[in-house]
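The chain below stands alone and is given as structure tokens, in the form predicted on its own.
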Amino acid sequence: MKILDLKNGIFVLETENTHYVLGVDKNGYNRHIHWGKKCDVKDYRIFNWGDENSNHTTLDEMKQECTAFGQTMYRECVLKATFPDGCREINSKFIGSKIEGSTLTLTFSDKLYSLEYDLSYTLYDKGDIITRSITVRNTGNEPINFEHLYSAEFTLPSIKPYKFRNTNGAWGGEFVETESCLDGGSLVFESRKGISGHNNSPYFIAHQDADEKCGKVYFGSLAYSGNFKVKATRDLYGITRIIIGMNDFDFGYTLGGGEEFTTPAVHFGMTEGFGEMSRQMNRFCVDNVLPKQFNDKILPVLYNSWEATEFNVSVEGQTKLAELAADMGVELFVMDDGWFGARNNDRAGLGDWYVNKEKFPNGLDELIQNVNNLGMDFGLWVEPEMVNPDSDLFRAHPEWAYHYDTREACELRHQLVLNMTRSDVQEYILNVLDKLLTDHNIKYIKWDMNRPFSETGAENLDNPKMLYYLHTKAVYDIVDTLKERHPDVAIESCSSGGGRSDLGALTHYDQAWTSDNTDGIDRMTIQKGYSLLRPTKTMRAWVTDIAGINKPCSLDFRFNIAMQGALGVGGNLLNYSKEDLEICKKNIALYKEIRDIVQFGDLYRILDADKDEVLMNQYVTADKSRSVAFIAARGTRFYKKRLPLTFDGLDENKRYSFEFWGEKHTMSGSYLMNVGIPTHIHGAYYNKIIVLEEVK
């Protein structure tokens, strides 16, 4: 990995397999030159030409790394600002470049006004992922107001149309993939609800005819949990461009004199095939994105009490569940909603983060001690950003919720959103959570956020359109502070399911709740979408009593699906038979044997449940000595399906032992990957897990 300054205004970012090339032309414009396979660096150059006519200017056609609003550029822009005198055009000149370690920075400034901005690119020791962002600086005394402040602009190399993959999901149906061909005009994927959301995802995946193994795939993922926008356009010349960053919907950012601001990062790359894209991003996120306390640690098997008790929690009831969970092999017991304030339903108590004395007359430590005595850590559910109008907090501080004095508040889920841009609100949330973690032996926090924003009034802000960013930053800052003060506490990001599971959240939280939909059949689709650009180990996956919304599935089947992430159990164990509890115990023991492969291994998506009727996902260790394959079918058409199961990611020269259908086998990696083993799949409950071990 290296950065080459060719001394002619051109810079080459060389990764393991690719070149990303940019530069500055003789007029001082930033230029995009190449993104793809490596070439002879002596051949890279910048071409210049004149306007085609008065309606199609060379500036509007120019391939850039960062388009600023102004002059005769009419396409979508990355930067757009209003200067103190009312001028709304940026006219830049190149100031200089610097290479510091693995980071290249190009600096530009407006020719008249006190605006400077840096385009920054960071390389890593391995792989093909690059990180980029933009830093804007106000070198004067008067404020500059931004309307657009995106993180990056990309230009794809071919003039042929590209297909774009994203998600078009919903609550309970997160990460459902969609694919659209862009042959003209524009495509937009965005969130406007204050969080990255359940619908579209803050990334782009562009290709022409790629599949899991072959074909060039261009991708970039935004590390940001607030409103985002990804906009792809294709012009009359066949040039496809992408901008990605904070959404310009209801957005503004005031940059005061002497201040600077760095946009959320974008992690991007080019690979051959979707599978390699996912594997590279998985490794990259584990090494460079996730918080360092737990990024390289095995995540524990947890039990969550919500389905069993909902709001009706007590020492006795939770202890009974804990005893059953411990006997099954669970390592972390998490008590969900209902433990605080006057919280007997979802209509009251949010914001009052003190222990309910009626439910816990001896305090929380009695239950925690019971759980610890059973050999498990203890975790707790919280929803710090929200408040019920029926709460002590709201009665004392109604002004702490986002509001307009002239509008009636919308109480989605009987709750309002706290104004996290206020320092007193931030101080309150930090203090109550810090006190909980200081006073009690809590090792895990499930941080929830169950509704989008509305009535976004923030009278404390001079520029209220900054609230979406400032709210997101406040959440990050509080989580980071809690982790600094309590480094042995893991924190999970939850937002009514997977509404905040982007790489921004995963820069601060240790894992994410994937979806409130724990149906084993639906999860086959949901978890595939999650795996595209997010790390496997962060994907919390529970086995619950939702035994197949669309078609019933067995307890073993549900474990098969949930074991493909960070395993949890969430069913009502009090209703489980002895046989059910033994199934749980057996599967948890198996997961503990293979979870290092799942959480840190390379994922190969071999068969797709939606396209092939059969799901087959395989995880392989970095040294290719161990592997585990999960095969599941939700019911094949016409009664049965006979097919050879071929594997992937193995060492063709190694031999592997495994058991399948009660028989032990030893076969070479080359045979398993090219010939495979025959199987007969039939019925609604097909479920097999194959563990392969290298034969020394």
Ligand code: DGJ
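From a predicted model like this one, the values you see are computed outputs, not experimental measurements. Numbers follow the displayed sequence, beginning with 1.
This protein has a second form, the form predicted in complex with the named molecule, left out of what is shown; the following refers to that one.
The closest non-hydrogen atom of Lys98 lies beyond 4.5 Å of the named molecule in the predicted complex. With a 4.5 Å cutoff on heavy atoms, Lys446 counts as touching the named molecule in the predicted complex. For the chain shown alone, Gln318 is not a contact residue for the named molecule in the predicted complex, no non-hydrogen atom being within 4.5 angstroms.
A residue is said to contact a partner when one of its heavy atoms sits within 4.5 Å of a partner heavy atom; Tyr124 fails this definition for the named molecule in the predicted complex, lying far away. Contact with the named molecule in the predicted complex holds for all three of Asp336, Asp516 and Trp542, each having a heavy atom within 4.5 Å. Residue in contact with the named molecule in the predicted complex (any heavy atom within 4.5 Å), chosen from Gly504, Gly497, Gly529, Gly571: Gly497. Proximity to the named molecule in the predicted complex, defined as a heavy atom within 4.5 Å, singles out one entry of Arg413, Lys111, Lys586, Lys160, which is Arg413. With the named molecule left out of view, the stretch that reaches within 4.5 Å of it through heavy atoms in the predicted complex is, among 488-496, 208-216, 185-193, 424-432, 488-496.
With contact defined as any non-hydrogen atom lying within 4.5 angstroms of the named molecule in the predicted complex, Trp306 is the only contacting residue in 285-314.
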